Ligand code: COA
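One chain follows as structure tokens, the form predicted alone.
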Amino acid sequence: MAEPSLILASTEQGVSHLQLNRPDKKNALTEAMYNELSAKVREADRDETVGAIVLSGAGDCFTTGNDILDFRERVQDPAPRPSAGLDFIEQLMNCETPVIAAVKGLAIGIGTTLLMHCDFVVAARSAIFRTPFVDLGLCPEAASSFLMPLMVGYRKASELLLLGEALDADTALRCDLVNRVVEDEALEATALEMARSLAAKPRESVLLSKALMRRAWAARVKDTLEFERDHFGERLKSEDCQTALARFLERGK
């Protein structure tokens, strides 16, 4: 029997729904999952029958972010390879079609920073947002050092990116990290309804409006992504990071 796909994809009524499907691992993202997500987003964006894309997570969690073992393998690989996670972020950045994230449970690390490249975020009551990069000896990624202060304000961004504090759904709503909060059981239906509403509108007008809204900071976001990429790669190899990752993996045994 073939193993189920780690990214479930379906298209209906002009909506492409991409669901992370690794619930036994809290939807922790592997290199293969990032690559598949990038391909699926690119495919949906090129499909003129698709008017909106929805990202969600199977089970009780959006995603706990990067799979820690993937981190370790990337550092130990003698041949440097590009970050599949940042390639996926770039795909979101370049996506002309509106993207809606439906978040329940944990949204850790890139599970939070990818939201800043989505156009809408619907959060369930259970949602918890956290970016513990400093705790792992790392630094912000996915252009979050620019986008997070821009979107939620410098004070709240400092709590997230420096202190690594967690935000619950209501706090995320108050600081504009999310558009709306719904009960867990209504999450997927709410996100899909929003997506269908977008898909019913004149597609070219929606795409143009999204491009115009992002135009003012698009170059700055790309520049920040590249600047962070270099520093993040350096921090991955640091003693601080290696100690933190080893401690994390030891706790998981």
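These numbers come from a predicted model, not from an experiment. Quick note: we count residues from 1 along the sequence shown, nothing fancier.
FYI, the form predicted in complex with coenzyme A isn't displayed, but the following is about it.
The stretch from 128-136, 147-155, 177-185, 115-123 that comes within 4.5 Å of coenzyme A in the predicted complex, counting heavy atoms only, is 128-136.
Between coenzyme A and the residues Met194, Val206, Ala28, Val41, the one pair within 4.5 Å by heavy atoms in the predicted complex involves Ala28. Of the candidates Ala218, Ala200, Ala32, Ile68, Ile68 is the one whose heavy atoms come within 4.5 Å of coenzyme A in the predicted complex; the others do not. With a 4.5 Å cutoff on heavy atoms, Cys95 does not count as touching coenzyme A in the predicted complex; it lies far away. Under a 4.5 angstroms non-hydrogen atom cutoff, coenzyme A in the predicted complex has Leu106 among its neighbouring residues. In the predicted complex, Thr224 stays away from coenzyme A, with no heavy atom inside 4.5 Å. Interface residue remark: Asp24 is counted as part of the site for coenzyme A in the predicted complex, having a heavy atom within 4.5 Å.
Residues of 197-236 that come within 4.5 Å of coenzyme A in the predicted complex, judged by any heavy atom, do not exist; none qualify.
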